[in-house]
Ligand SMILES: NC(=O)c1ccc[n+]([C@@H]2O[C@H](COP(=O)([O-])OP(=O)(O)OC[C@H]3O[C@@H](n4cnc5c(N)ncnc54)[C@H](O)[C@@H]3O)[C@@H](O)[C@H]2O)c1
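Here's a solo chain for you in structure tokens, the form predicted on its own.
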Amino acid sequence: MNPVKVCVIGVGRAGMVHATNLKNNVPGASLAAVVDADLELAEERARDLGVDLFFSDIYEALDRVEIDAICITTPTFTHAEIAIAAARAGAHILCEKPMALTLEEANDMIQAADEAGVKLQVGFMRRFDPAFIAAKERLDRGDIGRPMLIRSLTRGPGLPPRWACDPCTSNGMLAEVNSHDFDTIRWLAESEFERIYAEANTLKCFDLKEEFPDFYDNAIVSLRMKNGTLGMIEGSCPVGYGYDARAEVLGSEGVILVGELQDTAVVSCTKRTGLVASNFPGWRDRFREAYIAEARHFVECIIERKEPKVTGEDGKRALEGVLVANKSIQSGVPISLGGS
């Protein structure tokens, strides 16, 4: 069988993670081309990856290259246009989170993929992480009884690109940093959001608050799920000390802890330094295996013609949680979600 030819759109940090994996770590995949609005960067990354074709425009790539699938890692406000163009060209889509800027965009992406008969997978790589998978399996077995309270946190070591600091082009830190947490709670609780209350403040990056009045660098979100499970999301960025992604599920008969801050079992201790252990410097280190498994699953879904584990609907539901949380921050009151 011929390899699945994939084009990576956006070759920043996340784009290079996906491109490198597709090039080296995904059986059945072939990295066909790269695209970036910065043509010089696209050429440089293509050279680094050993890829001959590079473009500054997605439409040119779709027109000139035989592409089976694309991977979108561009700014959030560009996702919908790129995904819809790819779907209409018959290309399957792996789209990084957040899925889109609005629910209307998310719906348009889902509809375009459905009409074209292509796969649409959203990049919630925690669902492919061994620790999170093990936690979900234990929950499904009933090891800790019925989940009562789920807590999920993400703390980023440094600020994302400047466009992501403006809520108008990103939906803020809850979208850029904590989309994973909204999806994690939905996934582990196996339920939808019923009511959301959020508080946020700027406690570190005061210069960004002056430039972007709706900017915040710390947030907490309280959630009630439709099945009664309670949830809590904590987000902070930048924290400086490293990348921190953990979850805790309190059940009626026990508790599950997922993830840890330190990246090794080696801990040293001296009178002078006390306990010393290394931590994860960034998300690429913490979820390296998960990103590989995510890309492999995407390609397997294309080859085997099966539905991705993380669909466009999952991306839309997480986005809805983010949007309602931001609305709660602005209004100062809990907000109930309608529909099913």
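A quick note: this is a predicted structure, and the numbers were derived from the prediction, not measured. Residue indices: 1-based, along the sequence shown.
Unshown form predicted in complex with this ligand; subsequent notes refer to it.
The candidate spot formed by 35, 38 and 75 lies fully in contact with this ligand in the model of the complex, as each residue has a heavy atom within 4.5 Å of it. The stretch among 229 to 237, 161 to 169, 112 to 120, 140 to 148 whose residues place heavy atoms within 4.5 Å of this ligand in the model of the complex is 161 to 169. Contact with this ligand in the model of the complex, defined as a heavy atom within 4.5 Å, holds for exactly one of 127, 92, 180, 155, namely 180. Put simply, of 325, 11, 318, 22 only one has a heavy atom within 4.5 Å of this ligand in the model of the complex, and it is 11.
In the model of the complex, at least one heavy atom of residue 82 sits within 4.5 Å of a heavy atom of this ligand. In the model of the complex, no heavy atom of residue 105 sits within 4.5 Å of this ligand. In the model of the complex, residue 291 approaches this ligand with a heavy atom inside 4.5 Å.
At the 4.5 Å threshold, heavy atoms of residue 96 reach this ligand in the model of the complex.
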